[in-house]
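Heads up, the chain below is alone and in the form predicted on its own; it's given as structure tokens.
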């Protein structure tokens, strides 16, 4: 196939992206082993221009191709029936442009699904439905879960999202800002703001300082550490292991309070800006961060050891919510959920981030269950603490550099992409400019876009009482999905 080969965080000329006939593209996508990273349409006058970004993870390359589809064409042969990794992408494309993928195995809506939607049905003795949401107790965001059960066993879980109609991607084109970027998904402030800023910088041909790049990565790893620790506690809370819940909850607070000292926000709001960062990390603050994280590491290690010695904890975690490696690959699961199923993808290493190239990438013995999802968090907490300390050490060599460089105008006819390994996994931001240098398209893919269907698979043949444990083990984003 005729691709444009690019690297992560790179700008290319929009007009240099190959445009090939759709049926040719469709056949090649159906047969390729390359993994889809982004698949979206853009209004192109009388046509829709489809952009496809594939990842060659072994080479650390991103391959971009496009196709023009006449708006009068209302259907095409589905790619998904030959390559299941496209199942969500095709559903979203159909919903946005009304071009139907014929033969798609389950062409349900992605976000516009609240009107006259017919849920999957089952019949049989003792078969019944359990409906949960979309309004939930507490502060959880809206989402509807429809369980098809026989007795206590779940045979199918259908998840309906899309209740938050925010129009984020259109807002990004009309009025892009760091404040908007960091507000899209409140538990991934650093990851979203970093991806947005990197795309904007590439569209403008800007080169920020190494100092700013390092501070961003310190914050990214601290965000990963804090959320993973909180999730360890939440998982244990769902199985009534209160000691672990409370200890991990308190320990998470130590990390986010340290983020507060860096930027004035416990979640890192205002830290990252287009052109660099707004706040420095001097030697005194660096030492304080290291001291806090050493204490955090010690507590996490002790509490994890005590937790995994508990037979009651292990009885709930082991062999609960299993997702096979084969299913995980078919669904294109990413991030820590993918890694917990044996899919060794991590964009920090796969796409050769210059500041991670000297860091050790340790293997993980996946068991594909709730226990695996607990252990992957523990492993990544310990790794991220190590990474932060190494990044802070590197930062000492750039203390005289500026925090921020002047912002430039966008370059006309540009295509830029940034993949950031958020704590959930592969976060993708893509943006294009038109011939006048104005933003023409902004596309976001949260890792939850890949992973929600994995949760449906995890609860199959489990007791319905195991759903909270499975749900928290995945800990997917409603707002990152409901764009």
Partner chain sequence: MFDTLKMKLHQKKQYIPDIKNAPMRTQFRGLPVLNNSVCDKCGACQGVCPTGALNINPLSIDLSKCTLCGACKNICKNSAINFSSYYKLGADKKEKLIVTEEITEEIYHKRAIEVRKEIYSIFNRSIKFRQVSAGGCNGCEMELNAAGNANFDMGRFGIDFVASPRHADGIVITGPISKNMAYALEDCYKSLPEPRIVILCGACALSGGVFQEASEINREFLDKYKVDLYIPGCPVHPLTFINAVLDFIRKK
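In this text, rigid core is short for the largest set of C-alphas that superpose within 1.5 Å between two forms. Positions refer to the first chain, counted from 1. Please read these numbers as outputs of a predicted model, since none were measured by experiment.
In what follows, reference is made to the form predicted together with the partner chain, a form of this protein that is not presented.
Trainee: The partner chain isn't shown here, but in the model of the complex, which of 274 to 282, 354 to 362, 190 to 198, 119 to 127 has heavy atoms within 4.5 Å of it?
Mentor: So the stretch in question is 274 to 282.
Trainee: Can you check whether residue 294 is within 4.5 Å of the partner chain in the model of the complex, heavy atom basis?
Mentor: Residue-level check for residue 294: no, no contact with the partner chain.
Trainee: Is residue 137 part of the interface with the partner chain in the model of the complex - any heavy atom within 4.5 Å?
Mentor: Contact check for residue 137: yes, within 4.5 Å of the partner chain in the model of the complex.
Trainee: Is there a heavy atom of residue 247 no more than 4.5 Å from a heavy atom of the partner chain in the model of the complex?
Mentor: Yes, residue 247 is a contact residue.
Trainee: Heavy atom to heavy atom, is residue 6 within 4.5 Å of the partner chain in the model of the complex?
Mentor: Answer no; every heavy atom of residue 6 is more than 4.5 Å from the partner chain in the model of the complex.
Trainee: Which pick from 400, 287, 175, 74 sits with a heavy atom within 4.5 Å of the partner chain in the model of the complex?
Mentor: Exactly one residue meets the criterion: 175.
Trainee: Given that the partner chain is left out here, which of 148, 385, 343, 168 has a heavy atom within 4.5 Å of it in the model of the complex?
Mentor: So the residue touching the partner chain in the model of the complex, by this definition, is 168.
Trainee: Residue by residue through 244 to 270, which ones have a non-hydrogen atom no more than 4.5 angstroms from the partner chain in the model of the complex?
Mentor: The stretch touches the partner through 246, 247, 249, 250, 252, 253, 257, 260, 261, 263, 264, 265, 266, 267, 269, 270.
Trainee: C-alpha of residue 240: shift of 2 angstroms or more between the shown form and the other one, rigid core aligned?
Mentor: Shift of 2 Å or more: no.
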